[in-house]
Every structure is written in C-alpha cells, then in structure tokens.
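Here's a solo chain for you in structure tokens, the form predicted alone.
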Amino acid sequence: MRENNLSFSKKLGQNFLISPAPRKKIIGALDLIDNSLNVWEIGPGIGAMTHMLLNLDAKLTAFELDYGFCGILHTLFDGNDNFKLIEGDFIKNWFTYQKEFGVPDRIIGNLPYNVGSVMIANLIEKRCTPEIMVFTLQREVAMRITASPGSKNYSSFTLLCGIDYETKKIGELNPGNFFPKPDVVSSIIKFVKRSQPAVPEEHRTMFLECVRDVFRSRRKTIKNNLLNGSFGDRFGKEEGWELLKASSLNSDDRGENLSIDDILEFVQFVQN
C-alpha cells in the first residue's frame, strides 16, 4: 500500500483479512472439487485470497471498486490466463457480466460492512444463485441470515436467503484478523444451494411481496401489514381480509413468527 501511495477508505468499508488461517478456511469452504469451476471474488483488495484461488487453478473473475487496488491486481495477476478483473462497483457491473458469461459456480468475498447484505440480496433477487457462496460479513448481518422464526434477528432478509439456500455460520473473526481493525466482530457464512427452491417459481413473486408486507412494521400485526401493503393493493382490503380470515394464518400474529412454509402455505391458498 505504501509503495503505491494508497490508503484505506473507511467509506468503502475496506478491511483486509490478514490472518492466513481464516483465508484458508473460507477458500476450503468453496469445495473447489476441480479446476473447471468458475469463481467470482467480490472485493479482492490487493489479492491475498485471489493469489490462493489462482494457485488452485480456479477460473477467477474479480470485481474491485478501488482503482488503486485494481492497478496492483493488474500488476500481480494479468499474466495468469485464469484471471479476469472487472473494475468498478460490483452491484452495477455483475448483472451485465453474468448475462454474457453466465452464473458462476462459486462466489467468495470479504464483503464491505456497509453494503454486504445489499450485495447478497441483489444476487438472489436477480437469480444469480451459484451452488456455493462464502462470505465474511458483520456478525449482526450473519445473525440475520441464519436466524430462526421468533428470534429478534429474524427478518425479511432471512426469508429471502432461505428461498434458494441453506445457510450456516462456519466461523467468527475478531477485529484482530483484519487491517485496519474494524469496530465489529465478523462471521464467515456459507450458502449452499438447495436441490429445489423452498418456494416454487409460480409463487415466488407473490411470496416476496407478502414477505415485504409482513415485515413492514415489526410491531404491527400480520393483518395490519398485509392489508396496508401490496397484498391489500392487489386484492383490496375487504377481499384481502376475507382471504386472510379463511387462511391458516393467525391475523393477530407478527411477521417474525412466520416460517417460509407458513408464508408459502398462505400464498398457495390465495393463488389456488
């Protein structure tokens, strides 16, 4: 960094994972069973995990926002035929790249704390769902991803991740594993794609609408949130209330108590 007159950007959430053991654990969790797999790396920084992935002969596409880091990455890796660098904002660039080259087999990333959940949601909502994804995230975000119904961390984000993936925390990282040291603890999260989505394709759109509705306000009941959300707009409050009463949902319950199956059963009832 000093040699290239570069500094870290707190605004961009730049914290390098400097400890070798967690890097090995993250890459091991990708299950790179052969060297034909296409891997995306989000935010490679100056290439610590990039180097390890290329040593495993992964076909690697790296997405880096910081143009100073991009210069270092080009210098280090442009001679490797398995390496491709996409410069700029991942959220703005990945979809165009995927349309040309397809969904990767794996995605890995030490994600910025400020936009990590946005990146994951963006991928899942736009159906970029590789077989395995492994990320480091702020512990609080990881707790939301892996939460169970009824817990304070359970959210619409939990349900979104659960449609296509089984999720599991596989490690925890104290600030000393990073440079500069962040003010938070991080977690390593592994996403493994389900053999079949938890929500059938024909119900997915309305399922996600209902998820957004029931979490509009955590303090309010399912009835209040649904009838004043897109569900109420779709059916009208009067018909919507009749459908809700005839369903298996408890209208006085709250969204954080509903599992994927609970909401799916309601959506199937309404759409059948």
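In case it trips you up, residue 1 is the first one in the sequence shown, and so on. Bear in mind the structure is a predicted one, so any value in this text is a computation, not a measurement.
Omitted here: the form predicted in complex with a small molecule. The next part is about that form.
(message) Please identify the residue among Glu131, Glu140, Glu125, Asp89 with any heavy atom within 4.5 Å of the small molecule in the predicted complex.
(response) Going through each option in turn, the one that passes is Asp89.
(request) Sort through Leu65, Leu208, Leu227, Leu37 and report the residue having a heavy atom within 4.5 Å of the small molecule in the predicted complex. (result) Answer to the contact question: Leu65.
(message) Please determine whether Glu41 contacts the small molecule in the predicted complex, using a 4.5 Å cut-off between heavy atoms.
(response) Judged by the heavy-atom cut-off of 4.5 Å, Glu41 is in contact with the small molecule in the predicted complex.
(message) If we define contact as a non-hydrogen atom of the residue within 4.5 angstroms of the partner, is Asn110 a contact of the small molecule in the predicted complex?
(response) Looking in the predicted complex, residue contacts with the small molecule include Asn110, since a heavy atom lies within 4.5 Å.
(message) Although the partner isn't part of this model, could you tell me whether Gly13 comes within 4.5 Å of the small molecule in the predicted complex, counting any heavy atom of the residue?
(response) Looking in the predicted complex, residue contacts with the small molecule include Gly13, since a heavy atom lies within 4.5 Å.
(message) Taking the small molecule as it sits in the predicted complex, is Met119 near enough to touch it, meaning that at least one heavy atom pair lies within 4.5 angstroms?
(response) Flag for Met119 set to yes.
(request) Tell me the stretch among 56-64, 235-243, 199-207, 218-226 that has any heavy atom within 4.5 angstroms of the small molecule in the predicted complex. (result) Going by heavy atoms within 4.5 Å, the stretch is 56-64.
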